[in-house]
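Heads up, the chain below is alone and in the form predicted on its own; it's given as structure tokens.
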């Protein structure tokens, strides 16, 4: 009887998790399946869907704008991720190896940009730099800078690098927190033994800390790839959804959105999303292989 009553009570757990599974099926799983189905269709949102087999994917393989959007997304991500990771490692080393006064305050300040919504940050920088009457141009004219005002957003290189800088500024604090969390899991005895053997702080960081936080770094890389390849809010608000100048900040997600909701070509938009999914999977698998290779080397 007691065993039966326990089994009956355990069933209540399924009722508690049922709302999650219902929402996941309708808001998560169904859109994914429908997108894959739609990638084989031609649909403008009004007329009935028309099956076109692999026509959307054939177009995708020859679409120069799609390849440009991939390159833009990768470039913006790499230029933001590499200094983001280096800055996070540097700050983590300083905060964990040195007695820094006000460490909690600095960690909070560095993490603060991550709490802001990406759309509001993109709009902020749009107001700062866009047009002759932008805030930055007013400051430059006040200091009598030669050539001011400048058309900042007419320069593709500046606009692309500014987008990367915004991504770095928003996320390096979050990355630093994760790296520090990984460092705190390392056994302190390893550092003590290294110091006794004559190793300095730089050597212990290179030879002990970095190898042992490799899984944390790979996790950061994978989540950064997933987020970076879906970059939309910042470049969209900075360029009013166009990706200009010269489509320098047109990302894959922006191209996907424009094809679907501006050009009403939902079938091709779905094919672009499938292509983006494949790219993210490949890049994530490469990161996993890198992690396994590092574990074998240090295993």
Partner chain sequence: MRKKLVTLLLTTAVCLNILSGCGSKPVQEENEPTVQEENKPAVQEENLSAEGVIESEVDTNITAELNIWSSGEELQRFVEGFNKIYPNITVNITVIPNKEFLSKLTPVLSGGKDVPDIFTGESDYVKYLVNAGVWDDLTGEPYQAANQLDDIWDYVKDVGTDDEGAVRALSWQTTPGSVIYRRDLAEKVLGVSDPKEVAAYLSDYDKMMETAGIFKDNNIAMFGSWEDVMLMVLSDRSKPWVVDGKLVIDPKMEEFLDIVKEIYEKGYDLNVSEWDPEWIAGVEGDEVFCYVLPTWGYSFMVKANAVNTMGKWGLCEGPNPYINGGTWLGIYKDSPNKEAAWAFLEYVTLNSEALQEYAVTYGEYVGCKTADDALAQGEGEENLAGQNLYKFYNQVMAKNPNVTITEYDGQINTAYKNAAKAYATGKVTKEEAIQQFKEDVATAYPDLVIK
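Under this definition, the rigid core comprises the largest set of C-alpha atoms superposing within 1.5 Å between the forms. This is a predicted model, so every value here is computed, not measured. Positions refer to the first chain, counted from 1.
Although not depicted, the form predicted in complex with the partner chain is the subject of the following passage.
So in the model of the complex, does any heavy atom of residue 36 sit within 4.5 Å of the partner chain?
Residue 36 lies outside the contact set for the partner chain.
Flag residue 233 as yes or no: does it have a non-hydrogen atom within 4.5 angstroms of any non-hydrogen atom of the partner chain in the model of the complex?
Heavy-atom contact with the partner chain at 4.5 Å: absent for residue 233.
Spell out, yes or no, whether the shortest heavy atom distance between residue 264 and the partner chain in the model of the complex is within 4.5 Å.
Residue 264 belongs to the contact set for the partner chain.
At the 4.5 Å heavy atom threshold, is residue 57 in contact with the partner chain in the model of the complex?
No, no contact at 4.5 Å.
When you measure heavy atoms, are 42, 130 and 151 every one within 4.5 angstroms of the partner chain in the model of the complex?
Checked in the model of the complex: all three residues contact the partner chain.
Can you pick the stretch from 181 to 189, 160 to 168, 121 to 129, 217 to 225 whose heavy atoms fall within 4.5 Å of the partner chain in the model of the complex?
This holds for exactly one stretch, 121 to 129.
Under the 4.5 Å heavy atom criterion, name the residues of 202 to 241 that approach the partner chain in the model of the complex, in sequence order.
Counting only heavy atoms within 4.5 Å of the partner chain in the model of the complex, the single contacting residue of 202 to 241 is 240.
Kindly check if the Cα atom of residue 285 is displaced 2 angstroms or more between this form and the one not shown relative to the superposed rigid core.
No, because once the rigid core is superposed, the C-alpha of residue 285 moves less than 2 Å between this form and the one not shown.
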